[in-house]
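Listed next as structure tokens is one chain, alone, in the form predicted on its own.
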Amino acid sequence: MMLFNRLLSIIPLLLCSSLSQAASWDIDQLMHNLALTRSGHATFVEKKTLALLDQPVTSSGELLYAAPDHLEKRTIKPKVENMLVDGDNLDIERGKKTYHLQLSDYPELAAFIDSIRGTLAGDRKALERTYQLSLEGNAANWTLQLIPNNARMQQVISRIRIMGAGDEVRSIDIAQTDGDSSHMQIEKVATP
């Protein structure tokens, strides 16, 4: 009976703690949690739906990230392609060709890439330079929605939805204004 009474006395404390955590869950908390991850390795499967094609295009490969601004996308299927973003530099290897771009010369592309890098880095200020942010869910199952807030990006992107759990990004959905869209499912690779 004494044990039962002790358990009863603990329940209100647990409820208060849970309510307190739920009440404090917001974009700042999400950004804080994401910023704690300094590097990551994941696999991805991406499905792009394009108006020009009858069927979606599916690709897969791996992603590597190192804070604050290093991002690699290594596509393995259906064709090998590597994309490396480091600071303002974007290198794309496709077949035997390599393309080098300065993101500052392509502001819409930079804004799109920064939506992912900014989220992974937990950099709210970087995201809010280009997007209006909203958050749904809780720490265990969240959705961060990015709506472009400048006219140039609004002509290209309708919205970006980034879904995750805790400090992990699990998927990224992008809806373009021309009707094209993509869905990338991401699975963290466990580090030994």
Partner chain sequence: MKFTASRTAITLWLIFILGCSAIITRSHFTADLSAFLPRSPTPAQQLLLEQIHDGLASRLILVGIKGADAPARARISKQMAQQLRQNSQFVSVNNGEPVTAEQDRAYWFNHRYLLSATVTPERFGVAGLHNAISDSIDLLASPAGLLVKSMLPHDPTGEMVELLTQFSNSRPPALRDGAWISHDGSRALLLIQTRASGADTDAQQLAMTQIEQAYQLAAGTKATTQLEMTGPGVFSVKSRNTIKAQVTLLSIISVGLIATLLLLVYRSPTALILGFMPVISGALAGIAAVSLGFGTVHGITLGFGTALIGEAVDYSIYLFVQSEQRQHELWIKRYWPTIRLGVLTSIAGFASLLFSGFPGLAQLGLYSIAGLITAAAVTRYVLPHLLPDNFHIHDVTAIGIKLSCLEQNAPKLRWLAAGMLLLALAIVAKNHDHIWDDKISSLSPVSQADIALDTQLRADSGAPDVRYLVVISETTQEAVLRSSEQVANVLQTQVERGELASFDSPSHYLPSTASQRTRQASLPTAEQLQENLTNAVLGLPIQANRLSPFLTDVASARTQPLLQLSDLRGTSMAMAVDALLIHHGSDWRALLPLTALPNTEINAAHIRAALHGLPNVILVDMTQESNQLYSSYLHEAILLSLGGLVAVIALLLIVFRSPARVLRILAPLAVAVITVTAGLTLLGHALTILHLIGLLLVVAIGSNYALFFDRNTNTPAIAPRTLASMFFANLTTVAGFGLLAFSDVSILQAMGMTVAPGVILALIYSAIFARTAHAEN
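In this text, all values refer to a predicted model and were calculated from it rather than measured experimentally. Positions refer to the first chain, counted from 1.
There is another form of this protein, the form predicted in complex with the partner chain, and it is not shown here; the text below is about that form.
Looking at the partner chain in the model of the complex, residues D114, K125 and E187 place no heavy atom within 4.5 Å of it. Residue in contact with the partner chain in the model of the complex (any heavy atom within 4.5 Å), chosen from K48, H70, H41, R159: K48. In plain terms, the part of the chain that comes close to the partner chain in the model of the complex, with a heavy atom within 4.5 Å, is 48 to 56 out of 31 to 39, 159 to 167, 142 to 150, 48 to 56.
The closest heavy atom approach of G95 to the partner chain in the model of the complex falls outside 4.5 Å.
Put simply, M83 is close to the partner chain in the model of the complex: some heavy atom of it is within 4.5 Å.
Interface membership of Q176, defined by any non-hydrogen atom within 4.5 Å of the partner chain in the model of the complex, is confirmed. Residue contact with the partner chain in the model of the complex: L109 places a heavy atom within 4.5 Å of it.
Contact annotation for 72 to 89: residues with any non-hydrogen atom within 4.5 angstroms of the partner chain in the model of the complex are K73, P78, K79, E81, M83, D88, N89, listed in sequence order.
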